[in-house]
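The form predicted on its own is given below as one chain in structure tokens.
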């Protein structure tokens, strides 16, 4: 088979930062307002009072210290508690496409690619801004790329799943260079009013150029040794927002219309699934887990990542082996694994092997094993 490489990545970072202290202050103000509003029911025992959050709780539960967002004021308004975006006309570039294009320009520059060099665009994210036309096609037009484009969604695993689709297209001959982009405006589906998850997500966009080795010209090339995908149905991470909601006559603002999860169940079930997935993928490639120079894992939970790597290498792994960007960016769904690679691969030497692995709702797990050329 023709050799395929990742030859460039790009990162768009939103302009606003929300620290845990800021988030807790807004959340606790919201809690106080709700408890005061429902004081009679609480007093009568008809409902439980909402509990305050804390910086200590957030950092112990996740390892997150801050997050980047597209809008800060709406999220921190205790009377609103979600972003405030300005509608755009149909002939204007959508917000999701705008941040995607920024990341794409950076990835293309890193790979030394012009629009005419790219044959396809795959846009993958946990939520799309609209059903159609595809956001990927809008991005394609904004970049001046010919060929084809499509959207896809496998929640937090979308980046690795999209990379396999890119690799398959390259090896099948339907493209020579594919742009994979992951614009994640997760602040829009985050439930900022739920203590158990109000701190989890942040916004970002990443892009990766995946191409045939024979066309690659960048100094930073990573050969794809193999890709592996797996899914297993679970309701433990779910979002019921969709186009049929109005037909069901349900409340569009109901709790199930935003992100929700059974965190403890997810932790208990996903860690062994992810570790076994990576182990079997490496075995198929005759690579020992201890021979992997670096693991770029999905950025959802610090303890989860540490335990996955511990199962693989049989001991504790520091930030050099499994770097975390979670503390700065929070969970950015599909983009997290690409951010980790983007920011933590420059020190690796020719021949070093690394693993990108994402895992999330579905359950879905995707891994891409790469080697520095």
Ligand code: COA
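Residue numbers count along the first chain shown, from 1. Everything numeric here is computed off the predicted structure, so don't read it as measured data.
Same protein, other form: the form predicted together with this ligand, not shown, and the subject of what follows.
Among 85 to 93, 144 to 152, 253 to 261, 207 to 215, mark the stretch whose residues have heavy atoms within 4.5 Å of this ligand in the predicted bound form.
Residues of 253 to 261 come within 4.5 Å of the partner.
Every residue in 54, 201 and 300 with a non-hydrogen atom within 4.5 Å of this ligand in the predicted bound form?
Contact check passed for all of 54, 201 and 300.
Hey, in the predicted bound form, does residue 220 get a heavy atom within 4.5 angstroms of this ligand?
Close contact is absent here: in the predicted bound form, residue 220 is far from this ligand, nothing within 4.5 Å, heavy atoms only.
Counting only non-hydrogen atoms and a 4.5 angstroms cut-off, does residue 195 reach this ligand in the predicted bound form?
Taking the distances in the predicted bound form, the answer for residue 195 is yes, it comes within 4.5 Å of this ligand.
Do residue 317 and this ligand share at least one heavy atom pair within 4.5 Å in the predicted bound form?
Outside the cut-off, so no.
May I ask you to check whether residue 304 falls inside a 4.5 Å heavy atom distance of this ligand in the predicted bound form?
Although this ligand is absent here, residue 304 would touch it in the predicted bound form, with heavy atoms inside 4.5 Å.
Of 282, 292, 266, 81, which residue is found within 4.5 angstroms of this ligand in the predicted bound form when only non-hydrogen atoms are counted?
Comparing distances to this ligand in the predicted bound form, the residue within 4.5 Å is 266.
Which pick from 61, 348, 29, 321 sits with a heavy atom within 4.5 Å of this ligand in the predicted bound form?
Of the candidates 61, 348, 29, 321, 61 is the one lying within 4.5 Å of this ligand in the predicted bound form.
For the heavy atom contacts within 4.5 Å of this ligand in the predicted bound form, list the residues of 142 to 168 involved, in sequence order.
Just 156.
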